[in-house]
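In the block that follows, a single chain appears as structure tokens, in the form predicted alone.
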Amino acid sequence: MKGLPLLALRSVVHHRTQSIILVLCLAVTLTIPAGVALGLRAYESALVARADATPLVAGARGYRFDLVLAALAFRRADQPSITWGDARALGRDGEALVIPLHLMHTARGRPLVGTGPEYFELRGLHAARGTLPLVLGEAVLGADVSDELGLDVGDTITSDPTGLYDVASPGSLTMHVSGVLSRSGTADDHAVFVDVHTAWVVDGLLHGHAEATAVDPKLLLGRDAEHVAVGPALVEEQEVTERNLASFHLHGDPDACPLSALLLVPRDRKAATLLSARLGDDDRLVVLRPRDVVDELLAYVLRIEALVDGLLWSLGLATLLLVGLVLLLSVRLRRGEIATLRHLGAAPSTVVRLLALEVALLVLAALSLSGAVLAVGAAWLPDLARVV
């Protein structure tokens, strides 16, 4: 490098503080709009792909966005529950495969998803290590849950308390990790999966007691040769083991047990139409096509994106005006330097080209910095898309 380019480079390096400030301002102006656009495209792509892989979602009538996002991304919402009886009724005629979803609890801050083996088949999930839940009290971890919590097959994970200050609420359940799912790049990587019956144990609907003959005598109300009467203070089991598995039982009607949503896989297009028509006038249940709801949601997002784009363009224009003002003031402060160049025989056009080269170097540095930031950010886009 020689001549004007070398002189421009040395000038930029000499005024390093000013140059760094200008590069950072330009880089921020370039990075934010591009980063927002890339993030939204990744979010949209992941959400649409998840919706396309889910034929129908059924649940309680209410806010349709909450229902669909709960079924697709395990978002907890104040959504009315449905029942196991509803699931049985929808699957009775064989028009669709009905997959239950229980999404009312968390484990170590991660969604605790109660479902059946059909869910893993629908999503194409399999255990990278261990097995899927086979018995009551077992759990399989998403790949990210396993990595973040440092848990693997043979460890245990505890559900989060449902009512920290409510002594009547069921306590936490300690679940045995039976497997770890292969990484899918979806919301499944961030969840803990159990059978719906295990989810009902966390609800407190299905529970087990210690053998009455082995409890503290203070908890006994009476005893004879054939019967033992225990008091209400008898503590329920907080872990399912081989010893107490047979003691777990359900009080009440199984059809009344709660579910959050149902995934429906119709036999064919006709069956899907019949399902939608059958529940069209139902005052409790609704059947939704996830892609339709997601498209409606994205239409709102795009409106907000247009507003954000307008604000970002205004910010960019203000930044460019500020950079222009700084460069103008810089030229005025360098009048002595420019006069020296003129005395040395530099033509006016040469001075202009020198200043243009300095600006070009600053813009090139800003583009390089912006590109590096976006490249690093692109590596995180799959994580952003997974949480939906």
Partner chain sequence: MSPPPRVALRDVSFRYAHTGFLLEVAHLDVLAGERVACIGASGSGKTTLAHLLAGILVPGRGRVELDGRPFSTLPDAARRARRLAEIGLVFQEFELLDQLTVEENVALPLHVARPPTWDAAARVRVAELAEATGLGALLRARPRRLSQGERQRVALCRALVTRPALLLADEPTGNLDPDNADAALALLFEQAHAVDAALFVVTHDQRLLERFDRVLDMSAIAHGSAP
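No experiment lies behind these values; they were computed from the predicted model shown. C-alpha atoms forming the largest set that superposes within 1.5 Å between two forms make up the rigid core. Positions refer to the first chain, counted from 1.
Keep in mind that the form predicted together with its partner chain is not shown, yet the notes after this line are about it.
Residues 3, 7 and 348 are all found to lie within 4.5 Å of its partner chain in the predicted bound form, as judged by heavy atom distances. The closest non-hydrogen atom of residue 52 lies beyond 4.5 Å of its partner chain in the predicted bound form. Its partner chain is not shown here, and in the predicted bound form it never comes within 4.5 Å of any heavy atom of residue 333. Contact annotation: residue 19 falls outside 4.5 Å of its partner chain in the predicted bound form, judged by heavy atom distances.
Shown alone here, residue 340 lies within 4.5 Å of its partner chain in the predicted bound form, counting heavy atoms only. Heavy atoms within 4.5 Å of its partner chain in the predicted bound form are found in one stretch of 25-33, 56-64, 340-348, 316-324, which is 340-348. Comparing the forms between this form and the one not shown, the C-alpha position of residue 64 differs by less than 2 angstroms, with the core used for superposition.
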